[in-house]
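Single chain ahead, by itself, as C-alpha cells, in the form predicted on its own.
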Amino acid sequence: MTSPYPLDEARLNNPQRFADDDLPEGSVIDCAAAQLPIDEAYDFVVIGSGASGAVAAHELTSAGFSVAIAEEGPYVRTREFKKEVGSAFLKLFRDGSFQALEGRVFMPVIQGRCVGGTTVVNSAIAWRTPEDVVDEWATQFGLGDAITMRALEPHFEALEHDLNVHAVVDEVLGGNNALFMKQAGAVGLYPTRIKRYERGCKGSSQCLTGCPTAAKQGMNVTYVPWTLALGGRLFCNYRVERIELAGGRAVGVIGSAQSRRDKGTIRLRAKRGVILAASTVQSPNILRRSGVCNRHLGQHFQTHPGCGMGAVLDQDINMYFGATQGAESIHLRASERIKFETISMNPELVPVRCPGLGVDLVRRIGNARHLAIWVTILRSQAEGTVSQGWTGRDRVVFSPTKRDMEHVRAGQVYLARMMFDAGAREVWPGIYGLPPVLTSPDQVKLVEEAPLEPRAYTFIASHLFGAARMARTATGGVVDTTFAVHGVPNLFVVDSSVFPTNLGVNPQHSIMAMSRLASHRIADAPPTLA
C-alpha cells in the first residue's frame, strides 16, 4: 500500500530537489526578521515541525486544508550543516544540548530545536510499534479498538514508502556496526541491521550534527518542504506562549519571535483546530500555560535511558565512517527490558568519554580509530513528571527504579563480555566505583557487582513518552482516542506525550504513524465551530 497522496517520483528520487532552497516564495516566515505584529488565519495551526508535527501538517495540507506550522527554532539548511559539534549543539539542540532530567541522576536530554526537530539530529531509526505494546495499551489503558496494529499498518506502510525505509547496506555498514553484528551473533543475541529513513547514505557518521548530503530523510528535507510545496506555511523562530481558547474551544495560538527585543505578538488563528506536536516535554507545559487542567497532565513521563560502553581493539574500527547507528539487538527487550545499539561518536566528544589524565588521556584520544562504542537502551518502568520551573523553563524529574538499574547493569555485563570476546585490550565501563579501564575478561565480574545507584552511571535520554497520555475519559488521561484534549474541542495532541507507555524500541516511526492516524481522523471529522 502506498500513500493516498502519492509524492512526485522525481522528488523522491532526488531528495535535495525540494529540500532546502527550492521552496515557494513566501512559504517560510522567519519571525526573527519578519515585520511584527502578525495576525493570520488558517484551517489548522500545527505547533512543532518534528516527526509528529511535520507528518500532521503534510497530511492535512494534502487533504486540502490550509495549514501553518509554528516552529520555535530556526530553519537550518543542509548547506549549513558542519562537522563541528559545538556549533551544531548551539544551532540545532534545545538549550544548546544542556537540557537535563533531574532526579537521582542528571541525564542529558537530546531534543532538536529547529525545523525538523529531533529528526535532524537523530539516527533516523525506523521501528514499528511492537505488538505487545499495543496489546498493553488495549488491556491496561482501555484503548481497545481505537489504537490497533490494523489501524496503524497503512500508516507505517505509507511512511516507509515515502521515506525509503530499509536496512543499512554493506557499503555503509562500517567497522563499529560490523563488529557488533559478529559478536552479538556469537552470544545468541540475534542482531539485525538497523532500518533507517535514508536515501543514498554516504556513511559520513554525521547524523548528530545534521546530514550534510540530505540523505537522511529528516522532516527538514521531507515532510516540511513537501507541505510548503502544497501550499502550507512555516513560521520559524516562533515560540508559542499559549493556545488561544474562546468559548471553551481552541481558536488559535499566540506567541512571540525568538531573539528579538521588540516582542510584537504573533497570532495564528485556527478555524478548524490546533494540532499540538511540540514533544513530551514542551506539549504539557503549553497546555498548562493555556489553562488546560487535568490531573494526569505532566504525569506518567517515561523514557529510554541509554548507557554506553567503549572498547579499544587492535584492529582499525574507524567509527567515523558508516551509519551512525547501524546494528542492534532487541532479543532481550521483553525479558530484560533492554535493547542494544551501536553508535559512533564525533571526534570532539571522544575526550569526554576517554578515561585517564595527561599522557594516558592523550594516548587514548590518539587511538580513537580503534574505539568501538555500544549502548544499552533501557525500557524503564519508572515514571517521572513534567512541569514548568519558577524561571519558566521546562522541568522534568525522573529517577530509574532499582529494578531498572538491575536491567541496565545486566546489559552492561553483556557488552563488556562481548567486547573482550572481540579482542578488546581495554574496556571502558564508565561506572563509578569500578576501575576506569578494564584489561582482562576476568574483570567483567566487577561489572556484575557494580552498584545499582543511578548516579554511578552515565546516561543520556533521547526517547520521551507519556506526559499527556491517551485515555477514553478525562479521569484516565489528557486526550481521548481521537487525539482531542478532553473537554477542549478543536485542540489535539499528536506527539509521543499521548503514548500510555514507552516502547522498548526507537519511537520515531511510531510517533509518525500515530500522528498520521490522528491527522486522518481529524480531517475526516466534522468541524466543531465556535
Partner chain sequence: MRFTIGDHRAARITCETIFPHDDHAELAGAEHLDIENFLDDIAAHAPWRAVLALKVAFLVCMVSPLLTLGRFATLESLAPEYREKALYKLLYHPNYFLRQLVAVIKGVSALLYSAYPSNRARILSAPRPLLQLIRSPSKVP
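Note that this is a predicted model, so its numbers are computed, not measured. Numbering follows the first chain given and starts at 1.
Not on display, but discussed next: the form predicted together with the partner chain.
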message: Contact with the partner chain in the model of the complex for E84, defined as at least one heavy atom pair within 4.5 Å: yes or no?
response: yes
message: Quick check on R77: any heavy atom within 4.5 Å of the partner chain in the model of the complex?
response: no
- prompt: Does any heavy atom of E72 come within 4.5 Å of a heavy atom of the partner chain in the model of the complex?
  reply: no
field: in the model of the complex, L361 touching the partner chain (heavy atom, 4.5 Å)
entry: yes
- prompt: Is the partner chain in the model of the complex near all of V352, I365 and V437, within 4.5 Å of a heavy atom of each?
  reply: yes
- prompt: Looking at R150, R295, K402, R393, which has any heavy atom no more than 4.5 Å from the partner chain in the model of the complex?
  reply: R393
Heavy atom within 4.5 Å of the partner chain in the model of the complex - residue from H155, H304, R337, H370: H370
- prompt: Any idea which of 234-242, 195-203, 96-104, 287-295 reaches within 4.5 Å of the partner chain in the model of the complex, heavy atoms considered?
  reply: 96-104
task: Scan 302-320 and note down the residues that get a heavy atom within 4.5 Å of the partner chain in the model of the complex; none is a fine answer too.
output: V312, L313, D314, D316, Y320
